[in-house]
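The chain that follows stands alone, in the form predicted alone, written as structure tokens.
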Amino acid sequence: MIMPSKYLREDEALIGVGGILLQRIEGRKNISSLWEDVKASHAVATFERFILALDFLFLLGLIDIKGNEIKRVGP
């Protein structure tokens, strides 16, 4: 589920969803407004995948989450 495979397209894997989320995070962003921005995307599709992708980005050190705000950090 993290990496694409022959059964899972690149944009549907968590690494692809994380890339979509990173493109939408500019400065500080509210988690609810980020969800509203991306929920129509076919790749994100479900709230579960959205949260898993946020967890994945946090573990990689690419975002910081404080309260209800997300901030992009790192490269």
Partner chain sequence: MIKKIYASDKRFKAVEFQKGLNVIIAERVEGSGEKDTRNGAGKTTLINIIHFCLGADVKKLGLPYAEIEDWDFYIDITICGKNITAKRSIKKANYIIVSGATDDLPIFAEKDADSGELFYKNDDWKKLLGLCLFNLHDGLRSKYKPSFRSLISYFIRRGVDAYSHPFTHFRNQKTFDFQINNAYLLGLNWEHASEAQEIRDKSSALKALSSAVKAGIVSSQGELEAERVRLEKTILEENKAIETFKVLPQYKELQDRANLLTTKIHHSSNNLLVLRRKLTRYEESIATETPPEGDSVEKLYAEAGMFFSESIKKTLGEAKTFHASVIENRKKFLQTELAEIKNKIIKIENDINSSTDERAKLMRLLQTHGALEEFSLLQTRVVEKQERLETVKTKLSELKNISNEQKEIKARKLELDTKLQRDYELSRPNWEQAVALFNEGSLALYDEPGNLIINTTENGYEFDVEISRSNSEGVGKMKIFCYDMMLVELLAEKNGIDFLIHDSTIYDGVDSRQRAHALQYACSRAEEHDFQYICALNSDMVPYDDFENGFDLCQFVRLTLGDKNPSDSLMGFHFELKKEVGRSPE
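These figures come from a predicted structure and were not determined experimentally. Positions refer to the first chain, counted from 1.
Below: the form predicted in complex with its partner chain, not depicted.
- Its partner chain in the model of the complex comes within 4.5 Å of no heavy atom belonging to Glu26.
- In the model of the complex, its partner chain lies farther than 4.5 Å from every heavy atom of Leu22.
- Interface residue remark: Asp55 is counted as part of the site for its partner chain in the model of the complex, having a heavy atom within 4.5 Å.
- Although its partner chain is not shown here, in the model of the complex the stretch 30-68 places heavy atoms of Ile31, Ser32, Trp35, Glu36, Lys39, Phe47, Glu48, Ile51, Leu52, Leu54, Asp55, Phe56, Phe58, Leu59, Leu60, Gly61, Ile63, Asp64, Ile65, Gly67, Asn68 within 4.5 Å of it, in sequence order.
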